[in-house]
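Shown here is one chain on its own, the form predicted on its own, set out as structure tokens.
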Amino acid sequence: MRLAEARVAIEGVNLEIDGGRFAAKVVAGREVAVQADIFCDGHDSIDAAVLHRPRGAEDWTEVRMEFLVNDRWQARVTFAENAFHELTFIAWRDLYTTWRKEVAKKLAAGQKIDLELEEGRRLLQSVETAGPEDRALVDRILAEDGADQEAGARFARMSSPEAVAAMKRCAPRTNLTCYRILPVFADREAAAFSAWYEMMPRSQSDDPERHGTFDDVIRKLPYVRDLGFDVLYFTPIHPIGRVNRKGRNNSLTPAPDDPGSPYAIGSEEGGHDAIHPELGDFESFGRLVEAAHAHGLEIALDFAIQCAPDHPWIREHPEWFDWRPDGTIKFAENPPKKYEDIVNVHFYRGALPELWYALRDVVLFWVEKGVKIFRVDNPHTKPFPFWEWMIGEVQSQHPDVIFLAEAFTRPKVMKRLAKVGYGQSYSYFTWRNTKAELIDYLTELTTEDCRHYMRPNFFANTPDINPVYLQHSGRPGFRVRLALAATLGGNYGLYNGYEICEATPVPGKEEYFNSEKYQLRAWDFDQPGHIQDDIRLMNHIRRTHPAMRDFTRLRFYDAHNDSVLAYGKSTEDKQDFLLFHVNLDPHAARTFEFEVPLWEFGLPDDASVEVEDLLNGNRFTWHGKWQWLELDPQTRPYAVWRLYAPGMPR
């Protein structure tokens, strides 16, 4: 019976998402701990291995697992290619190891082991497939063994380190048990570690009376790169509809020269595969992409599945839209809000499958233009099956394409979007302001199952979100939230204007007054009070310290003040260990006692560590587990330390 043979239990796999329904996410080239609970009946020794391969490959790569504790096993695996992969587990009863352990106990107790030695010979003789060196070793052990020899010497020969290693490699795998094959997607590193800067290209002319162009953006590239960002993200760059165009501050009565919202996509000039004429053309867009790459920047585009009332699709494919009984088209709504300049497509009835193909082809069109990162507007209002299909279609051809889900919605919906393929997700970070809120939320993201498929992107602000915290905290608050976003997250982003602490709200709302969603703006980013130096510093720390690259390495530590957040990140070998303190109160200085995590280095509470202040460059020594610090938001609301244990290289 096949069931009888599968005697070893394999369960509790950390990279198994919903029973293998969805792919776990890893980073190509970065080692990952793969774990499972593996055990068997009785007291026999067992062994186990992870098997993995790129999807479609024939041969598996085998990585032996190690026992941790309480039937938990682990292997460290590297998925080398940015591609879809397959993963499974095998486990078996290790009769040779069981024999060796039992006989050693009997020998130590002075018992006769003649019969057991014959059993050992038979285990050695059972080896059928082995490499030349292992075959020669096993044959030599058998040839040198004799029943007339002293039992202890015979056992020593059969259980020598060389024999143990050879049998580990080639002994028969009794009751070999195989687990189901699981999907894994290995992203490129930018999916897990990136710094985004968001701008509207039309506002880059430095003249509020002149529409910006792609060539204007090219002139801004040195500024963006100097700040330390690696992704430059644009709101939609497509033709803007004229029907029901919005005016300044979302007015329904626009002036003749109002540019409208870039999210009202489509006009007689084209739709999602066209460029707004005032921005430029495909030639100038190509120059921009090439220039961005030369500056170490990737261009990310907004993929917004919505149409202005004069989008060409409405005329060409009326079956893709919802029509009301009176023959009018239904505007986008989030009752009681109405978006008169936008209509939504529907994904079923007469729209399936042609609309799905068309949207996929829009993404592939821009991929061919050099865009490999897409921020997707409101994906939670579109069907999950569509996203799973579309992202799979794109990444099967271009596995280096990354999708960011802009879905500020219910937690389970956000997680489902991540499961169906989104490589990054907006998060609730924007509204987590207190120490308890931040610890609870970040602990969830870094320790629960979602860490294997959901990667948050901590945007501190967006064109749609002017956080209340920033509206009332002044320059210190912007520095606080920058430090948190850049150092807590693997991915983070800022919308331009953040560097000059822009926070003028529409009264009573989390919206910007005179938002550039509805008008051209000219920005003076060098005005007094800017925080460009803080941004450069944070991005420099992120770039130069390996500890910052793994979001799940985040740990929280004690600081005896409810307004101070203490946390650290480190490489697994602790060679790069950073400790952060952030005063969350933008209005008052805080003096506090904090805990130095000496135990992370295996040190006692009275030990000493060398400390480097990464803000000022000085070095000194902390003696003992508890230290004192004051953080004044008017001076600098955060501190960043690098810790060196005794004997660590400097």
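Treat the numbers as computed from the prediction; the structure is a model and nothing was measured. Quick note: we count residues from 1 along the sequence shown, nothing fancier.
Another form, the form predicted together with a further copy of the same chain, is not on view; read the next lines as being about it.
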property	result
Candidate from Gln111, Gln575, Thr434, Thr544 lying within 4.5 Å of a further copy of the same chain in the predicted complex - any heavy atom	Gln111
Selected contact from Arg315, Arg140, Lys106, His560, since only one has a non-hydrogen atom within 4.5 angstroms of a further copy of the same chain in the predicted complex	Lys106
Contact stretch among 488 to 496, 115 to 123, 265 to 273, 471 to 479 - heavy atom within 4.5 Å of a further copy of the same chain in the predicted complex	115 to 123
Contact test in the predicted complex: Leu598 vs a further copy of the same chain, heavy atoms, 4.5 Å	no
Partner proximity in the predicted complex: Lys382 to a further copy of the same chain, non-hydrogen atom cutoff 4.5 Å	yes
Close approach of Pro336 to a further copy of the same chain in the predicted complex, 4.5 Å, heavy atom	yes
Partner proximity in the predicted complex: Asn618 to a further copy of the same chain, non-hydrogen atom cutoff 4.5 Å	no
Residues in 26 to 41 with any heavy atom within 4.5 Å of a further copy of the same chain in the predicted complex	Asp37, Phe39, Cys40, Asp41
